[in-house]
Structure formats: C-alpha cells, structure tokens
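One chain follows as structure tokens, the form predicted alone.
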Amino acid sequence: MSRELEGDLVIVGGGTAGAYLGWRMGQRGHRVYLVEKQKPGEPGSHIGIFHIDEIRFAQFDIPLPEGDELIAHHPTGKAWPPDGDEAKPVRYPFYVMEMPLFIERLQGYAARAGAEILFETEFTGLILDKGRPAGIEARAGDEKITIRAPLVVDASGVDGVVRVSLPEELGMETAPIEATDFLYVILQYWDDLAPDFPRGLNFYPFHKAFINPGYGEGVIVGIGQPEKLETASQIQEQFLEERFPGVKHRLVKKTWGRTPYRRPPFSLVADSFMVVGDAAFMTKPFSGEGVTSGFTACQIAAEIADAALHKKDLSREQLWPLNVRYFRDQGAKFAGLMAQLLVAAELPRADVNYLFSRDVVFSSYDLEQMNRYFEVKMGPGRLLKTAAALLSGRLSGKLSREGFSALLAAMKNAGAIQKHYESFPDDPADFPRWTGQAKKLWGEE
C-alpha cells in the first residue's frame, strides 16, 4: 500500500516544537503535514510532569493551562547549597503541568489551524530534487507514505533523524549527537511523605538535582547529569543519602529521559530545510528545559518560512535570517551560559558552598536573571562586588586555586563566545570564517 501527499511544508515530529510550528504555519494559511511516530496521547508520556515559566505563555501567545493539564502554580522556589539549609529564594513563577496533555493541546491548535497530523507514522528518508530536500518518505504500518513539500522541518527530538540524513553538500552538521552530549534525567515520583519534607520548587545546583511538585501531595525527586545514565543514578543515590537519609516514602514510579547538553549546530538552515527544538539542541543550559526555548526558534522560523514560501524561494539564503535572529539573541545567551556553567557545575563542593554564601553565581539575583533573561546583567557595582568576593575567597583559602582560575577563565571565555554569537554573519558567504572562530572558542580546534 502507498499514498502520496503534497503540501507547503512537512514537519517531522509532533512534540512541542513541531506542534507549535505547525500551528503557526497553519494560521498563516499553509498546507502543513505533521508526522508523528507515536500514537495520539503518547508524546511526552515518558516525562509526565514538567514546568513552564509563567511569563512564557504571553510571550508565545499560548493560553494558560487549566483542568487536568494543570498540576500547580508556584510563584517562588528555593535554591539550596551543597551543605546547610541557607536556601536562596528564586522569585520567579512557574506552572507545573502534565506534558502529554499540553502536547495534545498544541496538536489540537495545529489541527484546527488546518495542519494534518499523521500519527504512528515514522520518517524513513528524504526525497531529494537536484540535491536538495523536496519532501520525505514515511511508513505507517504497512503503508508507504510520500509527502512532497518545498520545505522540510526537523522537529524530531534529540536524535534529529532528518538532519543526520541530509547530504553533506548542503553544508549542515550531520553527525548524530554523541551519547556523552546528553543530560540524563531521572525522575522518581514519591508519595506518603512526612509533612516537613520539601514541597514546592527546590533546586540543588551542585548535584544538578531538584524536588518539585508531583501528583496530589506527592513530589518528584529528580536529577540531571551528563555523560551516562549510570552516573546520574549513582549521584542521585548519593544526593538522597546525604540530604534525606532514611526518609520514609512510597515510590510510585521511576522514569528517565535525556536532553541535549551541547552547543546547537552552527546553522539551523540549508536549502529547503530547517531544524528546531531538541533536534537543534535548544535547551536551557542551566536547567535542561527545552520546550519554551524551542518555541523561540519556532516563532522566528514561522515568519521566515512564511515569507520564503510566498516568494517561492526556499534557498539557504532566503532562510538564513532564522540563523541571524536566533543566534544573535537567545542563541548567544545560551552559548555564553553554557560556556560558564560547564565550569561552574564542576567546581569542588567547598567552592560552591563559598559562592552560595557570598552570592556569587548562585545568588537569588543570578538565578532569577538566568530564568527571565537567559543572562546575568552585571553593572559596574555588581561586577566589582563579584570580583571582590572571588579575590577574598582565594586569599582566605575558602575558594580553591583551581576553582578561582577556572571561574575567571570561564567568565572570560563565556563573554567572548556570547559576543561572537551576537556577531553572527548576515551574509552566508561569511559563515565559514565565523564558524572557524566559533570552533576555536569552543575548544574544537
């Protein structure tokens, strides 16, 4: 059995990024095919509960959650040092939500805007015309489906199945993501806990752990660690033994997932092609959350793709403004944060305790700024205060020589990387030069 379809664009992946982009493109009057390999209701079920910043709903014009989708709303959270109970308040509201229901809602918006969603349909390959994408081939059970479209979008998640299928001649990075470039997340759903067990939003940056609201009176005990799932499991056990030894609880369920923990591809476009969301590694470096950060690129992509389709020009040059607008703003901020946090997250325990005590890196202000603006705005006064705290810590021996040197180097490199991304070239002809310098800054050359 076979079927042939034709549209303006085909989006591979019906999760948050794919559904959001499909919705926005459908609203613009385009014929959209959304290809999702899972059954209706399955996307997001491996995660279950997640959170979205309150301010992002208005930013992306999404109605607030309600009904079964809404788990809780929390106006503040707490960030905890490795040792002690002097938590930092994080005055930044979050909605805690049921991810499968949120994705269903986005898919519903897309369908009502005219997008056709093909569930239980798996991408099997690209259709090429003169070396550039012209659609995809897919399979639904025994049925072969051919979808021809002048624009192909990869929103397939961390594996980026379309990106890695592109011909190298198109100039995209096509290597699969390495196993060590993931943040492995383990979620334990606990219930029947004592009243004094932490509730609300609790972050433990040193361990990359968190305790967030679960179902009813329960909680989610989570952790995210790079490189290996086994590493995440071991550190979670150590964290629980240190912080909550012998705590009585009922384990309702235990799940795990993975999120990209590396820089995005240097380009998000090629002839007749775009990549967004987790497929482009668009996750927040400080939390691993990638839903709303993916929406940022989708919002830009919808404008660029709409204009390109109306011009009937889907060339790399016509789609290039997605690169410019994304990397000069959110992409630059994420790049700078990742360069700094990769170092800060590996500091010795004593160093992190000292930084917590002196409001450096882990202050309420820093954490709120990172969540709200994806960067920490440092005026002259705060810069001097930070420098004095670092110097005082080094002279007193409370901040190790290695930690002191690593932080200074990371701050310098983070600034250089962010500035470099903010100068992303308008002209694709300048891209090789820009990429060469970016690789040096990331230590890849």
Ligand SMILES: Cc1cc2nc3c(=O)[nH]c(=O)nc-3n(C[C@H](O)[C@H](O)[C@H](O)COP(=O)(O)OP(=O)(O)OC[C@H]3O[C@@H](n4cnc5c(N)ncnc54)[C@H](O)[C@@H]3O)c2cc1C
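The shown structure was predicted, so the numbers you read here are calculated from the model rather than taken from an experiment. We number the residues from 1 along the sequence you see.
The same protein has a further form, the form predicted in complex with the named molecule, not shown here; the description that follows concerns it.
Of the candidate stretches 120 to 128, 245 to 253, 310 to 318, 71 to 79, only 120 to 128 has residues whose heavy atoms lie within 4.5 Å of the named molecule in the predicted complex.
Although the partner is absent here, residue 30 lies well away from the named molecule in the predicted complex, with no heavy atom inside 4.5 Å. In the predicted complex, residue 185 approaches the named molecule with a heavy atom inside 4.5 Å. The shortest heavy atom separation between residue 10 and the named molecule in the predicted complex exceeds 4.5 Å. Contact check for residue 17: a non-hydrogen atom falls within 4.5 Å of the named molecule in the predicted complex. By the 4.5 Å heavy atom rule, the three marked residues 148, 166 and 271 all fail to count as contacting the named molecule in the predicted complex. This chain appears without its partner; in the predicted complex, the one residue of 340, 283, 296, 236 with a heavy atom within 4.5 Å of the named molecule is 283. Residue 288 is the only one of 114, 265, 288, 93 with a heavy atom lying within 4.5 Å of the named molecule in the predicted complex. In the predicted complex, no residue of 124 to 150 lies within 4.5 Å of the named molecule by any heavy atom.
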